[in-house]
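Only one chain is given next, in structure tokens, and it is the form predicted on its own.
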Amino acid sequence: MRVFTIAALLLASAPGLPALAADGEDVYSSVCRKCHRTGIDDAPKAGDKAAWAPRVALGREALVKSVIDGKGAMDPRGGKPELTDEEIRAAVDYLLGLVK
């Protein structure tokens, strides 16, 4: 696994090669899970269709903007300023996939 990670990082940084797609589940597990697993600070629990319904109605881009800008107790970029917009979109897509 470690060799794969190193190889993936090298490939992702090589000029002329497309960047590897962000893995929404990984971003969720490493950043978002701490609040969205338990519902701390009114974060909607992952997979809770009723809690996510009004958010789903806002649309994907509005949710992505909420993560980028921060909302309620959630700091901008989920408290991880190094998250790229692509990683944020992937995490939002992952969370939305849990309630479809």
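Note that residue numbering begins at 1 and tracks the sequence as displayed. Please read all numbers here as calculations on a predicted model, not as lab measurements.
The following text describes the form predicted in complex with ligand HEC, which does not appear among the structures shown.
- Query: Taking heavy atoms only, is residue 83 within 4.5 angstroms of ligand HEC in the predicted complex?
  - Reply: Heavy-atom contact with ligand HEC at 4.5 Å: present for residue 83.
- Query: Wondering, does residue 58 line up within 4.5 Å of ligand HEC in the predicted complex on heavy atoms?
  - Reply: Contact check for residue 58: yes, within 4.5 Å of ligand HEC in the predicted complex.
- Query: in the predicted complex, does residue 69 have a heavy atom within 4.5 Å of ligand HEC?
  - Reply: Because no heavy atom of residue 69 falls inside 4.5 Å of ligand HEC in the predicted complex, the answer is no.
- Message: Taking ligand HEC as it sits in the predicted complex, is residue 92 in contact with it (heavy atom to heavy atom, 4.5 Å or less)?
- Response: Taking the distances in the predicted complex, the answer for residue 92 is yes, it comes within 4.5 Å of ligand HEC.
- Message: Under the 4.5 Å heavy atom criterion, name the residues of 31-54 that approach ligand HEC in the predicted complex, in sequence order.
- Response: Those in contact are 31, 32, 34, 35, 36, 40, 41, 42, 43, 44, 52.
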